[in-house]
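Next up is one chain by itself, shown in structure tokens, the form predicted on its own.
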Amino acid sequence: MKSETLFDVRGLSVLVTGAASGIGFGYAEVMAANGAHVMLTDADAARLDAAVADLRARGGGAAERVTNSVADVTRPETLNTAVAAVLARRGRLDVLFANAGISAGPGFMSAGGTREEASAFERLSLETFDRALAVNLRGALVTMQAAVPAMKRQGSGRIIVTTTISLTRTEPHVSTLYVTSKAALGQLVRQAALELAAYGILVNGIAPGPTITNIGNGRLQDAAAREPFERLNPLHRLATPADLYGAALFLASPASAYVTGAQVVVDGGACLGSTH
């Protein structure tokens, strides 16, 4: 089998949430570069417009294949509108990247190895927890719910959810609230995969390690904030959205036709442990 056939996404109808920057933009970028028709959605209208303009300016037919719709995953009606727009334009929805997510603040340990009293367990904010659940967990659920009816009708589809390596391990430098919201998301992926397999819908997760994006006000763009993660990572660097291109292309293409309910870990070996 030739690689150009195995990983072929040309002509696929794709929707990406949280696509104005970071990992979501990376998904949209690699899909568009390989010939897919991509709708980017995000709650930030200005940044979304800039992202679409960027992709369209790259040529190769992207101007006709890249569209956008402002959508907030805490408002299901906006997701329904985005899906309806994809169906009106392309007649089907082949791939959904349920990517939108937020941080919930720092963990209980600082970069310097001291305790962060403001993030101590007994001081965790219920308001912050509700927000993390609303976006990271409930937001993914309603995003998937918006796409599933169309995928059921066509008898096929791929749902790819951005999870995290925090599904399976503890994180002293990452908020307990974030870890908890994402751990539940991992089980949602498995439940959906089990139920939707009968309809030809594959549901998988991409589980990155810490990735340099705008999440958490771009905290990991700061060298000091990255230091504890880089020190412990076997490759001694953090991921960028480009490091997830391959996983995204794999799960959206014929290469993963017999894969569902899985988590594709992209973490530079972080889950292996550290030699320091």
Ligand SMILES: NC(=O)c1ccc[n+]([C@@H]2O[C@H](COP(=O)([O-])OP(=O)(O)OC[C@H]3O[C@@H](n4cnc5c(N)ncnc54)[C@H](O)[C@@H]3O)[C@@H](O)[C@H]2O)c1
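Start at 1 and count along the sequence shown; that's the residue number. The model shown is predicted, which means the values in this text are computed figures rather than measured ones.
The form predicted in complex with the ligand is left out here; the points below concern that form.
Contact annotation: residue 101 falls within 4.5 Å of the ligand in the predicted bound form, judged by heavy atom distances.
The closest non-hydrogen atom of residue 21 lies within 4.5 Å of the ligand in the predicted bound form. Under a 4.5 angstroms non-hydrogen atom cutoff, the ligand in the predicted bound form lacks residue 191 among its neighbouring residues.
Among residues of the shown chain, residue 35 is not one whose heavy atoms approach the ligand to within 4.5 Å in the predicted bound form. For the three marked residues, 108, 125 and 180, no heavy atom of any sits within 4.5 Å of the ligand in the predicted bound form.
Proximity to the ligand in the predicted bound form, defined as a heavy atom within 4.5 Å, holds among 131, 138, 173, 90 only for 131. A heavy atom within 4.5 Å of the ligand in the predicted bound form is found for exactly one of 151, 95, 73, 202: 73. With the ligand left out of view, the stretch that reaches within 4.5 Å of it through heavy atoms in the predicted bound form is, among 82 to 90, 156 to 164, 192 to 200, 109 to 117, 156 to 164. Although the ligand is not shown here, in the predicted bound form the stretch 37 to 60 places heavy atoms of 42, 43, 44, 47 within 4.5 Å of it, in sequence order.
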